[in-house]
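Listed next as structure tokens is one chain, alone, in the form predicted alone.
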């Protein structure tokens, strides 16, 4: 029987993908446990069961590994695939999906905390994680002030993330998804609608 795939039967590309996934999984776990500053290449390698040189071969620096783990931890496909009229709903879902999925929440919180407290992590999140998504949203919005509108949409969802999940502001932490979207949706729609 050939139920279990033997490592030798995997292609080089498949082994590489598995290795990257193992490293990213370890990085996500350590970021959630320790935050950006205390997560090290050596610690990630140990958790993944690989040599630190392999982590660096796949991801380069700690900053690049953090960017990859942050991008991998925050699902943006729904946001990027949304049309202008669907952006408010997609933006709210983007936040809720990242923070309410038990497998993603720890890393999402760690990434958010790290970008607020560590300048290098803030730069990475701003430029490598949020930058391309925000540019794509600006293109979807189009028209005058598209970049500003996309940035404000992003600022609103970041504020929601901080208030609901890090600070646990009762009125936000306790509200269900439907009420959150009912109240916040029209405000976000005003940001994306052409003037």
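Residue numbers count along the first chain shown, from 1. Fair warning: this is a prediction, and the values are worked out from it, not measured in the lab. The term rigid core refers to the most C-alpha atoms you can superpose between the two forms while keeping them within 1.5 Å.
The protein also exists as the form predicted together with another copy of the chain; that form is not presented, and the subsequent description refers to it.
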**Prompt:** Applying a 4.5 Å heavy atom distance criterion, does residue 118 contact another copy of the chain in the predicted complex?
**Reply:** yes
> For residue 160, is any heavy atom within 4.5 Å of another copy of the chain in the predicted complex, or not?
Replying inline: yes
- So in the predicted complex, does any heavy atom of residue 122 sit within 4.5 Å of another copy of the chain? yes
- prompt: Does another copy of the chain get within 4.5 angstroms of any non-hydrogen atom of residue 17 in the predicted complex?
  reply: no
Open item on the list: Let me test this: is every residue among 134, 167 and 180 within 4.5 Å of another copy of the chain in the predicted complex, going by heavy atom positions?
Closed with: yes
Contact check, 145-159 vs another copy of the chain in the predicted complex, heavy atom within 4.5 Å, ordered by sequence, gives 145, 147, 148, 149, 151, 152, 155, 156, 158, 159
Once you line up the core, how about residue 32: does its CA shift reach 2 Å between the shown form and the other one? yes
Does residue 164 move its CA by 2 angstroms or more between the shown form and the other one when the core is aligned? no
*For residue 129, decide whether the Cα shift between the shown form and the other one is 2 Å or greater, given a superposition on the rigid core.*
yes
Taking the shown form as reference, the Cα pair residue 129 and residue 182 shifts by 3 Å or more in the predicted complex and sits closer
Output row for the residue 66-residue 153 CA distance, |change| of 3 angstroms or more in the predicted complex, reads farther
